[in-house]
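We begin with a single chain expressed as structure tokens, specifically the form predicted on its own.
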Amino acid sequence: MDQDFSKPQKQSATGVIIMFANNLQKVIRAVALPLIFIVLKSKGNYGIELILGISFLFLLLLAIYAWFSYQQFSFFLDEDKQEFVINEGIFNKSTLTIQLNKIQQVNINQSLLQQIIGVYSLDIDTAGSEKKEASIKAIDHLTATRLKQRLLSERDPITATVAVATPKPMLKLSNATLLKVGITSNYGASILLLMGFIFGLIQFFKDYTALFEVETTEIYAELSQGFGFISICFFIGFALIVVLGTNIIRTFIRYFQFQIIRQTGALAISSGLLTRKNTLLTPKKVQLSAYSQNYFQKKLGILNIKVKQAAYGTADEEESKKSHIEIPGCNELERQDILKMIYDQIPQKGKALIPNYRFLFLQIMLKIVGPSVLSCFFAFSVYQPLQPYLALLIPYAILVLILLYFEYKHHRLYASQGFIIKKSGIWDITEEIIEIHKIQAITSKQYFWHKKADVGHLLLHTAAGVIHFKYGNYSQINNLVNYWLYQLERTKKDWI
């Protein structure tokens, strides 16, 4: 039985708890540090009592505010104007009106608190808006599903009906697979996170010693005496454990119970431990797809897929990433099934474009020769104590040269009937796939000093990013550009 959305409706009554929790976390972020500072400065003189009194007052006010916010929030569907309307606000009342034909995607998500309470949030992505998302934070699953179907029915009848069936998942990741993904992925992000934590710890130590006027000379002396070879090895081992542990935890939080269900004309993807996210992947919205694999993943028989969709109404890179979908831990057969679903076939590599040796030569000059010359100049002319450390330039040059060689070896572009595949990477080898009819613009360029060598560059512009192939044969590039432009002129397919 269809639900009537033409009359204003409220969220579930438990939405009061969601609104209270959202406001509470905002207040905690804003006042936590000042309150801690007050306690430390007071040194026990009524500091705790003051914080308890202020906290109680805050909680009471937030509870009252959440109740009135719940009462003032309503939504309905204007069938005549084909608009979805959200009313909210206590002191400053606002009305958000969304035209149905501008709705690009509707997602049903569930945070940890929403899972406990048993409600869902409905997030609406619209075109042509800096603020993409309109959200209803607390509705039951049946209402969310029916409202999603109704909001999408005008724009995409197929997508609107995919949520009805729940067949057997075509891909479901086990905990063992998530563990494999965790120990073989995202080293860079975890290292940056670890460095941020260490710098934050150092800053906290400085602030603590300054606040309590602690003498740091003896502390630094003790640390310097104990900082030997064994402690360095211990620190490196601890750092590796932290990096792997961070990877594993992040993977389980993000991809817990990850599954893909094949539905009519789309793939329904759901995952998440603390926040359960549900996303629909429709082939016509896919702009780029890419799969990556490193040495360890190859040995374990897994790879990661990333599907990039068009970023509507924003040039912000972080905002555009919200429309990207990641599928970790696939095997080769699952990769082929997903590609068949997106492209109706498995894209094949065609003729390969190989970069000129200048690709490697320039990188050597910029990343080895340049830094080495500057280091020697600085050590001999400005700061002589650095001279004993110049020997480190040899292992540095060898390591960087090996990395640059693998980057050159993997830098390839493959052109086939209907598809372009760009291969790149040093450790994680990535292959990006784009359908020719989804190219928005093509740029080929050549610097004047490269004319004699017939070397040039190629940029393929899409709604989800740019594919850049550097230092290829310029004659071959121009022949391919002419062929692609000819295909774009003839095709009747749209890029979205």
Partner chain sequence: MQEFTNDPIDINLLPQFQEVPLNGLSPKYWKIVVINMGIFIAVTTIGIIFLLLFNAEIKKYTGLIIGAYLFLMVLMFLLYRADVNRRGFAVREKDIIYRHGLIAISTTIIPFSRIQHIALDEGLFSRMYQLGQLRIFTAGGNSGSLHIPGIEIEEARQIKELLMRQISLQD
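Positions refer to the first chain, counted from 1. Keep in mind that what you see is a predicted model, and the values were worked out from it rather than measured.
Not pictured, yet referred to below: the form predicted together with its partner chain.
In the predicted bound form, Asp4 stays away from its partner chain, with no heavy atom inside 4.5 Å.
Although the partner is absent from this view, Asn482 contacts its partner chain in the predicted bound form, with a non-hydrogen atom inside 4.5 angstroms.
Remark: Ser55 does not count among the residues lining its partner chain in the predicted bound form, judged by a heavy atom distance of 4.5 Å or less. Contact annotation for Gln446: at least one heavy atom lies within 4.5 Å of its partner chain in the predicted bound form.
This chain is displayed alone, yet in the predicted bound form one of Leu62, Ala453, Ile442, Ile28 has a heavy atom within 4.5 Å of its partner chain; that residue is Ile442.
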